[in-house]
Ligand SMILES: O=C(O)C[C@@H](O)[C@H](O)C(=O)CO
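So this first bit is one chain, no partners, the form predicted on its own, shown in structure tokens.
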Amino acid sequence: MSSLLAKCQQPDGQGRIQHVTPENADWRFVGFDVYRLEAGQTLQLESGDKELCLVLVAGIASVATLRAEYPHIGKRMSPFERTPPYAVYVPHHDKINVRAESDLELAVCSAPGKGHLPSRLITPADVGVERRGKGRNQRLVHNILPDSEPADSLLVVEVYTDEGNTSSYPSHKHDQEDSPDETYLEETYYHRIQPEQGFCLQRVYTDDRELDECMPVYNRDVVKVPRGYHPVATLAGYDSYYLNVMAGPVRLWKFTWEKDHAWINSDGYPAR
């Protein structure tokens, strides 16, 4: 199995089913955990030297930090309702208590925290919604924590792709430091599939093909993208959702297209 693919695990004693750290991913910035909690279950977290973005993928919860309380947040019971999520930004050196008010699927995104931003609630009204692409390259995007909103390191976005369409495409990359064209951003993809027995395909590869892996990705798996291009392809009968977390030394999403496929952005597609 590819070292870039983190398979969904059975919940541990805290309900955690995914656990990606800079240490086990062999990179520097991004951490990512997912918890599945039953109604009434509680979870205690500490941000330490990280900033966090708690995304309610599905369900309702009450969240409290050292200085703020966010009771009974959340609305959608499945990400495939395609409504923007609730999320909570938490700065470094904070403590968090989460109480599941319903069955809860909670993503905890983390990256280095160094500022003094307060915690804040991100409501669906705060999430930018856009549609990208055309033809078989269309997708729906929810910008939860884009680079236009305050944070130290984190960038967080979720994307919906209908059956038979591609996403994160044309192939693009963001793996160069000190480049006028790109920023270095590590990235995780947390995948959900509807219906749940399906799968999608994700390829991660570099121009020289030193890295070139194509993975079948099932429900609640995580793909780690340390560098290179990283397109996603859905299959007939199965819709795709994924939650992206990015972070690097510069908090800016700046990327370059793979030259061979950039034409798909042109007026010549989809007509040929």
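Start at 1 and count along the sequence shown; that's the residue number. Just so it is clear, the model here is predicted, and its values are computed rather than measured.
Keep in mind that the form predicted in complex with the named molecule is missing from the display, and what follows is about it.
Asker: Let me know the one among Lys75, Arg132, Lys95, His72 whose heavy atoms come within 4.5 Å of the named molecule in the predicted bound form, would you?
Answerer: Selected residue: Arg132.
Asker: Exactly one of Arg36, Lys224, Lys50, His230 has a non-hydrogen atom within 4.5 Å of the named molecule in the predicted bound form; which residue is it?
Answerer: None of the other options qualify; the answer is His230.
Asker: Closest heavy atom of Tyr86 to the named molecule in the predicted bound form, within 4.5 Å or not?
Answerer: Contact with the named molecule, no.
Asker: Report whether the minimum heavy atom distance between Ser119 and the named molecule in the predicted bound form is within 4.5 Å.
Answerer: Because no heavy atom of Ser119 falls inside 4.5 Å of the named molecule in the predicted bound form, the answer is no.
Asker: Closest heavy atom of Phe32 to the named molecule in the predicted bound form, within 4.5 Å or not?
Answerer: Answer no; every heavy atom of Phe32 is more than 4.5 Å from the named molecule in the predicted bound form.
Asker: Even though the named molecule is not shown here, does Glu187 get within 4.5 Å of it in the predicted bound form, heavy atoms only?
Answerer: Result yes; Glu187 sits at the interface with the named molecule in the predicted bound form.
Asker: With the partner removed from view, which of 169-177, 75-83, 121-129, 101-109 is the stretch that lies within 4.5 Å of the named molecule in the predicted bound form, judged by heavy atom distances?
Answerer: Partner-contacting stretch among the options: 169-177.
Asker: Listed by sequence position, which residues of 144-159 have a non-hydrogen atom within 4.5 angstroms of the named molecule in the predicted bound form?
Answerer: Read in sequence order, the residues that approach the named molecule (within 4.5 Å, in the predicted bound form) are Val157, Val159.
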